[in-house]
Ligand SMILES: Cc1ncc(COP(=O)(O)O)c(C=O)c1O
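One chain comes next, on its own, written out as structure tokens in the form predicted alone.
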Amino acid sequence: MARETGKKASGQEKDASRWDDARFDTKLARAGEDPYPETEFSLRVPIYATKSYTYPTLTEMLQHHYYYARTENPTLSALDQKLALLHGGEAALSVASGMAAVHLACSSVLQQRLERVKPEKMKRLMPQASPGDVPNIVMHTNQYTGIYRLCTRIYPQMGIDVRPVDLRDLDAVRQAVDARTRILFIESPANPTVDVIDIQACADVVHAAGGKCIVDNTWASPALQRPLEHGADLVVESLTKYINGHGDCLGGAIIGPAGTMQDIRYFWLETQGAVMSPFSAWLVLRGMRTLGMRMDRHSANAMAIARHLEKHPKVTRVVYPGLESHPGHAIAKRQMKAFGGMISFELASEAACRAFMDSMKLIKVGVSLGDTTSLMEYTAYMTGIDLAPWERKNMRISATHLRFSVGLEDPADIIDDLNQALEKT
């Protein structure tokens, strides 16, 4: 019952008496949770760990949009709304991983949403039915290895022609894009070579041909770059990286027009099942509250470290968008608020790289990126391990390529660790 202070009784207190006559096992299964206690005054969005949503009547159920957790969950809805607002998009969809986001976004463009289709029509839609009308994807020669694997090893088996070109060369882009181009896929800055792509210029080319532009914004996050403002039709993010920022969960997101997001949610996601858990969504919501401050620190640290490495006698090459020596520096200044926390650099030999990787003390050896902790990767032996030598050559990943995700430690401590490890090479 309500307290004597006159405060209104909560929903849980008001409904407690309904269980007075229930037996023990019924109370065990239902009491206190049915209906769910009021949470409208909670400071934080709760974790809705449920598989489905029930209603007293069919009429009431049809008035709501929560049915089954594979398509919607209140915790994920809060995350979706925040992501859409941060990107300046109409809607967003959170999914299980960054790769899930990429595949779902591409699927929504490459294929049709089909329902109640008879088998005869489905046969006409098979790739074999139109061998002279093969759709294609144009993507950068250097691509995150997971996306590269999806586009070059899986999509061709589905009848999709994949055309890797240097997206920094607009003449090459114009030659590659044609009337059958469904997607121009951009990752900028690109993983792991830190190439910077002119999003607006590439989007203009593919739009003129009737295709869509999808941008992987993982290395920048919406704190530094908002691709929808530069012509992108859809944006994908690996929430695992900077947006969550704490290295404790996986997640991905797609951002774009409301109608497209609705199709992806209720057809592609519901069918393919790459659903984010409510707990992961809650972790991402917690982590992204500090995204702006973290990206400022990541960028400031990376700039100081890139300038230091550029002057170090044992470093043969440094690539960072904030350096005037970067070929895409002017483009990065135009489409990014700051230059991010990712640096690429090279040493004189493979032996030097291995000695360096084995000598770091503060910086951790590990895949992934965007963490508070500084992470170093020897690309040829880590995310690039399943690439053939000719593939690494085409992607401009050298045998001495190092990818550095600069963390939030004091930059002086990071530089000290780099110096002592370089001295061992």
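Quick caveat, the model's predicted, so the values are computed rather than measured. Sequential numbering from 1, following the sequence displayed.
What comes next is about the form predicted in complex with the named molecule, which does not appear here.
Checking Gly256, Gly211, Gly98, Pro222 for any heavy atom within 4.5 Å of the named molecule in the predicted complex turns up a single hit: Gly98. The single contact residue among Ser299, Ser94, Thr75, Thr240, judged by any heavy atom lying within 4.5 Å of the named molecule in the predicted complex, is Thr240. Judged by heavy atoms within 4.5 Å of the named molecule in the predicted complex, the contact stretch among the candidates 248-256, 104-112, 330-338, 311-319 is 248-256. Taken together, the three residues Thr193, Ser398 and Leu402 all stay farther than 4.5 Å from the named molecule in the predicted complex, as judged by their closest heavy atom. Using a 4.5 Å cutoff between non-hydrogen atoms, Phe345 does not count as a contact of the named molecule in the predicted complex.
Taking the partner from elsewhere, Glu187 is found to have a heavy atom lying within 4.5 Å of the named molecule in the predicted complex. Under a 4.5 angstroms non-hydrogen atom cutoff, the named molecule in the predicted complex has Ile147 among its neighbouring residues. The named molecule in the predicted complex comes within 4.5 Å of no heavy atom belonging to Ser280.
Along 214-229, these residues reach a heavy atom to within 4.5 Å of the named molecule in the predicted complex: Asp216, Thr218, Trp219.
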